[in-house]
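Below sits a lone chain in structure tokens, taken as the form predicted alone.
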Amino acid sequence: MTIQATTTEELFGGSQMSPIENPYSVYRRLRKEEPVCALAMMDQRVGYMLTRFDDVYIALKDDEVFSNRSNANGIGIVMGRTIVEMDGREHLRHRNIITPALAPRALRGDFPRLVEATAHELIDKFAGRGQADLVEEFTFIYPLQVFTQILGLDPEMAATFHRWAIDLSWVGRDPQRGLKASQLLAEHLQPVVAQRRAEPTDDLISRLVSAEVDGRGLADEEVVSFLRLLVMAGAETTYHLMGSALFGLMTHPEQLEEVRQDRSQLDAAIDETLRWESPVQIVTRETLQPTVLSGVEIPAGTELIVGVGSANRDESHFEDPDRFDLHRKGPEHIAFGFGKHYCAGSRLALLEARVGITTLLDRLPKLRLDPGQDAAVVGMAFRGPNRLPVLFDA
């Protein structure tokens, strides 16, 4: 089989109105038959999609050959210039601005109690009903409501911020939708940035406005671009991770019961979810020099779609990879990336997921999927359930 410069829609199915339901059968075929697959990119130039673990690992690890600058032509259009399109020392210096606020030591003390209080506040609104859509009423709102407090933004705006974040991610399919969201975020954030310059506090926005890179402070537009990225990352990843973890557990009741009886198993369930349904399924890179992957010669300047979700189900690394198994032994997943671009917010995402799911299990006895309604994990760039109707004892 040779797939020549097809599009992702032709390869996987799905569209703007119909999200991709299951890309894994296509990934499996590509890993076996054409692991470096030619694709027509947005501007009709030919790029490649990588689907094998070993190739994806190399592309994530080696930033001297595989550059992040490709993101400038995608999400960078609505974000502005951010660390997702930077490499080398520039990337490191900008990343170092935010890592102290997201490091493990910053997430101790009173912070877990704040996260738990946020979870309880949301659950209070539906715990007495005996039924809910956990996506609409919990997982969609909870992570960003926590993150807005780190940023120093109004938690009541969390759902609005999340909708704008989703719209940002649509820039490739609906540029006007993405650009509108970018503008709305800027209009909301610019006055906040100005206020923090005048009256700094101890939040992350104050850290950004007072930071220096190579002896120069960040301009307002640079701070706003950083915040767009942080809002999107804080919203989309944990939201999908939590939804998929809950879906995985509730569709495997025996494993859900194990977690109920032994909460130490929850970390394993979250880790397995990151492999089984990676929240971020694909990232992009651009080759800075010619290279060879799986026997395919790739010229310099080639855009790559790096299939993280496919790599995490590569049967050459993971036994029976389509099975959800919280007792899985074997190699580590790469859902958070690898190397210098490893997800800076991974610790926060894990803490939010652990606290959120624990609180749901504590508050909602006999939590289970509603058999009268449909639920499924969907998506390609970001992947998770878009609804999670459940029943529980009120």
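Numbers follow the displayed sequence, beginning with 1. Note that the structure is predicted; figures quoted are calculated from it, not measured.
Omitted here: the form predicted in complex with a small molecule. The next part is about that form.
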- Does the trio L230, A233 and A335 actually contact the small molecule in the predicted bound form, every residue with a heavy atom within 4.5 Å? yes
- Message: I'd like to know if G178 sits close to the small molecule in the predicted bound form, meaning any non-hydrogen atom pair within 4.5 angstroms.
- Response: no
- Query: Given that the partner is absent here, does K32 sit within 4.5 Å of the small molecule in the predicted bound form, heavy atoms only?
  - Reply: no
- Non-hydrogen atom contact R285 with the small molecule in the predicted bound form at 4.5 angstroms: yes
- Message: Taking the small molecule as it sits in the predicted bound form, is I77 near enough to touch it, meaning that at least one heavy atom pair lies within 4.5 angstroms?
- Response: no
- Message: If contact means a heavy atom within 4.5 Å, which one of 84 to 92, 314 to 322, 247 to 255, 159 to 167 is the stretch that engages the small molecule in the predicted bound form?
- Response: 84 to 92
- Please pick, from C37, L60, L360, L326, the one residue with any non-hydrogen atom lying within 4.5 angstroms of the small molecule in the predicted bound form. L60
- Query: Looking at L218, V280, V192, I123, which is the one with a non-hydrogen atom within 4.5 Å of the small molecule in the predicted bound form?
  - Reply: V280
